[in-house]
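Next come structure tokens for two forms of one protein chain, structure 1 first, structure 2 second.
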Structure 1
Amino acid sequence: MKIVLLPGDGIGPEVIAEARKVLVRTGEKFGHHFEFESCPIGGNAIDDFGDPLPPQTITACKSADAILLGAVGGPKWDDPNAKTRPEAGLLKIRKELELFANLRPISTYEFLLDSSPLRRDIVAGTDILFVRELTGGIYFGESGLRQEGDQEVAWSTMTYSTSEIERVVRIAAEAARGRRKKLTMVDKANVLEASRLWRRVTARVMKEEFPDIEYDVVLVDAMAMHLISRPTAFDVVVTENLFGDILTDEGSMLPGSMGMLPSASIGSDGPGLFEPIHGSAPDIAGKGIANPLATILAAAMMLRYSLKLETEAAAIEAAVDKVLEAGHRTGDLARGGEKSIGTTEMGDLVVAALG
């Protein structure tokens, strides 16, 4: 099975190296051979090729069985007047591979509850799967900038079609069938026409195709409050691109650190793209202190969703649980004088826990 690695920028190469180590050990344990190819994306690709997603990277990804991404971006490429930015590579690869659904599981660990900024009694038992539409909406709608007298005027347009909404809602509803059979759709239908289309289409799909799923709707501003006041009330949450981006970053604080949360970007066909939800963290890049667990857990999601290796995915997740339960913490998770370990040591401990 061919896996393309996109280490990217900042801490990306460091965390990808640990996930690769875990995948190699998993292959040895279960009798699989993973073939790895590393390709450029993001800021480093701009430096070397003048393009955040070079053609050779696209070609490699399209021929892969799955793709594992680190992170892109950093202050070196933050000039707003630059011809291109690292993040453009992410948007382009999603379009090129037609990865229209982003799955972000947010769950808490009993032995990490005190790492959360919220009270233990609020976050205990949280288990939410966010399904975010990934290739439509305001990030891909018409945008522009014009001069009107002495004023600059900018605009970005949120655009959605019926089919774009239907396909991501179906993925979310199918996921709910395998969980607690509850789906929440988040919109801003009291203001946005695009959200009113989401509400109509989703209601129809749920009534006609998923009558067995409990379905409700929450406005995005209310959802932002509910996430930090009663997160255990939600099972599967589906929403459009912008709202999903913001809410999942907010939700990442429930377990205590972004360094714990993986994500999967999938489509109807072809390879999926798997990555941690954290950024490139340039302030700690090269220091060997980044938390690799989100990337390791993203590798587990890759085995589950793209390679259909459920037992192997569960083994990696169990190994992470074992390491955390034993009290091992990277700096982002350590609390109250707890000893912290580095990136490589954490990866080694997960490899050892695999047996």
Structure 2
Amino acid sequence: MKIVLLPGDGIGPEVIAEARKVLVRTGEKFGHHFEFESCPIGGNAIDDFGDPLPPQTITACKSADAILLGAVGGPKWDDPNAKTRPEAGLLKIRKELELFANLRPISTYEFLLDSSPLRRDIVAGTDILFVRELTGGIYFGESGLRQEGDQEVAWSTMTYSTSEIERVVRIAAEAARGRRKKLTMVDKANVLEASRLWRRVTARVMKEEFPDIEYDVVLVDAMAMHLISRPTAFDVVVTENLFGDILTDEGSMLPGSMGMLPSASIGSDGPGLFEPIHGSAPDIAGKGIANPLATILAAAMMLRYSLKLETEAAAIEAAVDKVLEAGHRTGDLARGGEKSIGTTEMGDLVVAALG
């Protein structure tokens, strides 16, 4: 199986190196051969090739079975007048590979519960999988700006087609089948025509293709409240691009640290792209203290969703749990007086926990 690694900038290469070690050990343990190819993306690719996504990276990604990304960006490439920016590489690779569904699991760890901004009794037991539509809606609809007398008038339109909704709902419902068999669709059908289409299409797909999955709908304004008042009530949540962007960021606060959260972007066929949700953390880059667990958990998601290796994915997740239960913490996770370990040490401990 060919895996393209896109280490990127800042702590990206450091955390990718640890995830690679964990994948190599997983391959040895379960009898798979993973072939790795590292390609440039982001700021370093601008420096070396004048392009945040050079053509050779696109070619390698298109022929891969899956792609694991670190993070891109940093102050060096922040000039607003620059010809291109590192983030352009990310947007382009998602578009090139038609990655229309973004999956973000949000679950809590017992040892982090007191770091959550919410009370322990509210947040304990949260285990949500967000599925956000990623390539349609208001971010990609028609938009413009015109002058009307002394006023500027701007508009952005939310556009969705039946097939754009069907394909992401199917991914969410399939995921629910492997979990607690409950799907919540979030919309604003009391106001938006696009949401009313989402509601009709989702109801039909669920009735015809997923009668075994419990299905309900929640308005996005109510969901913003439910997410912090009763997060344990949800299993899989599917929603359109803009609502998903906002709700997943709200959700990422629940566990108490984003150093633990992975994310996946997948399409109908072809390779998926897996990454931690954090950025390139330029403030700690090169210090050997970054937490590699979000990237290691992204590697587990990669095995589950792109390579269909569920047992192997679960083994990595169990190894991470074991290391945390034994009390090992990187600096971002250590609380009052707890000893902290470095990036490489954390990676080595996960490899050892795999057995």
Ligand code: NAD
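Shifts are known only where both forms have a C-alpha. So that the term is clear: the rigid core is the largest set of C-alpha atoms that superpose within 1.5 Å between two forms. Here the structure is a predicted model, which means the values were calculated and not measured. Reference numbering: structure 1, starting with residue 1.
Only one of the two shown forms is the form predicted on its own, so please name it by number.
Note: form predicted on its own is structure 1; the other is not.
Comparing the forms between the two structures, say how many degrees the smaller rigid part turns relative to the larger part.
Relative rotation between the two structures amounts to 17 degrees.
Using a rigid core fit, what is the CA shift at Thr202 between the two structures, in angstrom?
Its C-alpha position differs by 5.0 Å.
What does the CA of Leu145 shift by between the two structures after fitting on the core? Give it in Å to one decimal.
Displacement of the alpha carbon, after core fit: 8.7 Å.
So if I superpose on the core and keep residues found in both forms, which blocks of at least 3 in a row have all their CA atoms moved by 2 Å or more between the two structures?
Moving stretches, in sequence order: 114-119, 136-253.
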